[in-house]
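Just the one chain here, the form predicted on its own, laid out as structure tokens.
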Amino acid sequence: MSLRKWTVGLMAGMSMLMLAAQANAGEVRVTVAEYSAKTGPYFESVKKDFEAANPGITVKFEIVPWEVLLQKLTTDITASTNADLSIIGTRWLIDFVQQDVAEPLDSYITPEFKDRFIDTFLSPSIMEGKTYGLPIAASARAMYYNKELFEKAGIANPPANWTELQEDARKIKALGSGTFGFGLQGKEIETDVYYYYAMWSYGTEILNKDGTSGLSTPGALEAAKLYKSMIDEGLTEPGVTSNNREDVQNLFKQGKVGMMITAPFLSNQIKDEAPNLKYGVAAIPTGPTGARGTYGVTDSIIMFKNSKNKDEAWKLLDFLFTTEQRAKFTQGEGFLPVNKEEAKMDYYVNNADLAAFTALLPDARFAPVIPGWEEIAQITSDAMQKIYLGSAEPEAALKEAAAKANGVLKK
């Protein structure tokens, strides 16, 4: 090859590299969890508005279903092909921090920016004094009930405790016509959480004060027996372990379930898919001593340490957390507001459904911020499936699960 040809080839190669670098310069890639059919269109509008306001910065959103999100992130991080930003379950954050892949955001956060947030929802993303994430979605859990079925069954008010719930479920079951008293989730994400509602009401926490699993405590056993007795009596829908959260929600929207516990986004789904359904939202029932607990949930958006466009990524975060953008996203998806100014809007102040959820926040428990939490949650879900199916006695299943969970906690 002549020197001239070699030089031309080298220059062409360098030009291609420069073009590739220019193509990535100012591009912010974001992995987004898919919450509903509204998630994609919302982020498409963000791309349009943000790019118009920030010439030279392009945004690329990748929408990923929740059930595969953690696996995708794990694979991408291992291969160093992860995006600049990603939505995550806040309960995963401690693992990302320990792996040293999450970027602390404190150098970007001004006092004014921090003051936009309701502390309850920002604090789960703060670890050892550093802010590693921002709450992109917040939620709690409450009990939905079908007013029409209640009226037909002669039930005046939603149940205050589990004993009343069982009595109401019997009355709804007696209506026949394929109606079920209590919708009970038995597979996939938050199967463990559905059990915690009862467990908390019996005075048991996920972790004991000494840091060990609470699954082998008397309260945990009573809660498991409660759910199993309702299955055995036919007070729940049949085939509990075949139904995930969405399956039970669909039964409720179809008017087949009298009561179920879930998140505020069900209200939006009912409005869109079952507008004639008459329903109410009430507190989760209490246990024998009046104890009650709901599940508080935040999802966070984090910046990865290996991002090459951190300043541009922060500009996008700043945009996403303006009051206008928070309102569009939160109201579209049916979440609780994390922004103080947003929370003052009429949409929230005058919304009876959301008021029921916010009233439960003082009783909210968040997933423990501990390494290996996802493994412990799965251990709990597996134990509950065995109990629901009748393939293991509640006490034996819970003792085995507690031992496994303690093994993870000791790692």
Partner chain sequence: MQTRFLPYLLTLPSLFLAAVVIFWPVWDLIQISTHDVSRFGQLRDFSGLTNFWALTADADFTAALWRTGLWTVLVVGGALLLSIPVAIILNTDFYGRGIARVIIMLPWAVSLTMTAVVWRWALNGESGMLNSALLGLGLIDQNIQWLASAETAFPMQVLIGILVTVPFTTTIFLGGLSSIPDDFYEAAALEGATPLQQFREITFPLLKPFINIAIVLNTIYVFNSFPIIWVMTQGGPANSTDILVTHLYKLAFRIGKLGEASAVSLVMFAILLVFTMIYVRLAMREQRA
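Computed from a prediction, not measured in an experiment: that's the story for all the values here. Numbering follows the first chain given and starts at 1.
The following text describes the form predicted in complex with its partner chain, which does not appear among the structures shown.
Within 4.5 Å of any heavy atom of its partner chain in the model of the complex lies no heavy atom of A355. Interface residue remark: E222 is not counted as part of the site for its partner chain in the model of the complex, having no heavy atom within 4.5 Å. Using a 4.5 angstroms limit between non-hydrogen atoms, I109 is distant from its partner chain in the model of the complex. Taking the partner from the other structure, its partner chain in the model of the complex has no heavy atom within 4.5 Å of any heavy atom of N208. In terms of contact with its partner chain in the model of the complex, the residue from A327, L251, L226, A83 that brings a heavy atom within 4.5 Å is L251. Residue V68 is the only one of I370, V349, A53, V68 with a heavy atom lying within 4.5 Å of its partner chain in the model of the complex. Partner proximity in the model of the complex, defined as non-hydrogen atoms within 4.5 angstroms of its partner chain, places exactly one of 332-340, 155-163, 180-188, 139-147 at the interface: 180-188. Remark: none of the three candidate residues (K171, S216 and D232) comes within 4.5 Å of its partner chain in the model of the complex, counting heavy atoms only.
Residues T75, I77, T78, D95, F96, Q99, V101 are the members of 75-102 with a non-hydrogen atom no more than 4.5 angstroms from its partner chain in the model of the complex.
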